[in-house]
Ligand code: ARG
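So this first bit is one chain, no partners, the form predicted on its own, shown in structure tokens.
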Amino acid sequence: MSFIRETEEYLIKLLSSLGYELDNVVLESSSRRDLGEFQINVAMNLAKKYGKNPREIAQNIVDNLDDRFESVNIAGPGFINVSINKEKLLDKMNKSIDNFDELIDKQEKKTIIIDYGGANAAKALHVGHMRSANIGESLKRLAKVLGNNVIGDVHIGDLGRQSGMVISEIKRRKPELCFFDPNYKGKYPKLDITPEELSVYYPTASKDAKENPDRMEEVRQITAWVDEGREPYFSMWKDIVEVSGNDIKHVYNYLNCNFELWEGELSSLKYIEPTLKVLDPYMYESEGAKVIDVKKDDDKIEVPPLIVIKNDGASIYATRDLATIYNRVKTYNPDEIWYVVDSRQSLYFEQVFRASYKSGLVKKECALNHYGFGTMNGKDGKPFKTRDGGVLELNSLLTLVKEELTKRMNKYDNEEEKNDILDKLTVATVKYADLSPTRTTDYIFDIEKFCSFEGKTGPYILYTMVRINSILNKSNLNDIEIKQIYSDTEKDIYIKLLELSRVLNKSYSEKTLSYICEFLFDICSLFNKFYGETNIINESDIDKKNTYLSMLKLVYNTCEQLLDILAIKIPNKM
């Protein structure tokens, strides 16, 4: 348990023993460090509740505080300023050097499914997929660190018009294949296709279909056959999805995104029939389609009915999302399901969630939440595009970042080592830039700025970690113990670490990683200030030197855990 949580619980008990009842007490960080490191601001609320003078109440509290505090004083009408007893502070820091849990507070354990990633089979990943993957992966890791059972599902878009597009293009390019021979009677072979071919087939077919109505009709027909499970088109598409999936996994692995489930729309097909049985009493026909009315009397905007089955009897994206929910509830009985998807889909998810609750597909106790995110924009403030105006592929962005970082790297004789460092720096650059803004805001991705080794950037954080690790490796640290506090900067670092529990809880509550990114920058800045003030390696006082090194180990271990939450790996050197 964190020092702050432990102290807040102590304060609630203390107030109760003094005859004051409060459900919640907050040990607030002070903006006036000259008065104290923290404030206890309960006197005014208690004065209103009990009709007493707030300063008298504050004095009563101060008179009964235990020895965890020092430099206690009362300011204004009853603000209690306190500093942490140095011995208590050092004891907590020493316990935390190799035990991250000493600095944080666990949540009440829940089973949570997080739906993120959302790549589309047979189509190249674009920068929007990176945002979903980065945010979703980090929220999953954060939830796990705080004690939850978390299951991440990539939920691949492996049904839809892209199937018709790709198979149509294969038919144009390779009409001699047995799949397109109406007289073929043998067993269909596995489709031989490469990721390189897929990267060309979809955009080519899409461009042609937009300009050619006959081609678009062919695409629609093939798509319908795939959705119906008609052979050989369905098997062809499954082979395409397998090849595409392996390529998608490679990119996600590069970004350190690891999914417990690799399911998608194809996986949901077997659950559509039982799902429709649950939904049937709540559906009605509208213009030949089957829909569920999900509007509410207090809606501020129009929420149209959710289409479940099209007028031609075919399932659609919503059908498969509902079937996926059916399976998730039946298989995992989750307490919560989070969807980390672009904010522009908020209305759609509201429709799906309402239909799920209305039909009883999901019990009210299971929370369905859409955590949308803003767009990643170029310097012009518009969604990141290629020079010709197309959507920027994720691999292209990663290449641009890697090339920019290469310009700033030292020369390495070992090319393999250099590439490993560059890869870790590239991932750190895009992730830290992507996760630093509040989740819901749009932000500008400035490659030159985010690749800098100074300021609030991934390279700056990693450079600091490498510096700390280098000092530790050069030193012979045998006695791991922080014995004293020798400077104000050291104490600032320790007080900052006490605030970590609040940072993680706020990040979890608001489902944004920006607070963790800010904390990492702050703690690295404090360390670099300390580094500039202190000659660590050449310190002649052994106890002092061991204390410095023990503090470095504490900072490194803590930041390593936080970087792991952000899915960022630390290189051995830079």
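Bear in mind the structure is a predicted one, so any value in this text is a computation, not a measurement. Note that residue numbering begins at 1 and tracks the sequence as displayed.
Unshown form predicted together with the ligand; subsequent notes refer to it.
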Which among 226-234, 300-308, 194-202, 335-343 is in contact with the ligand in the model of the complex, heavy atoms within 4.5 angstroms? 335-343
Although the partner isn't part of this model, could you tell me whether Glu137 comes within 4.5 Å of the ligand in the model of the complex, counting any heavy atom of the residue? no
Using heavy atoms and a 4.5 Å limit, would one call Tyr184 a contact residue for the ligand in the model of the complex? no
Does any heavy atom of Gly78 come within 4.5 Å of a heavy atom of the ligand in the model of the complex? no
Even though the ligand is not shown here, does Phe384 get within 4.5 Å of it in the model of the complex, heavy atoms only? no
From the list Tyr188, Tyr284, Tyr317, Tyr254, which entry has a heavy atom within 4.5 Å of the ligand in the model of the complex? Tyr317
In the model of the complex, the residue from Phe349, Trp262, Tyr486, Tyr271 with a non-hydrogen atom within 4.5 Å of the ligand is Phe349
Heavy atom within 4.5 Å of the ligand in the model of the complex: which residues of 7-41 qualify? none
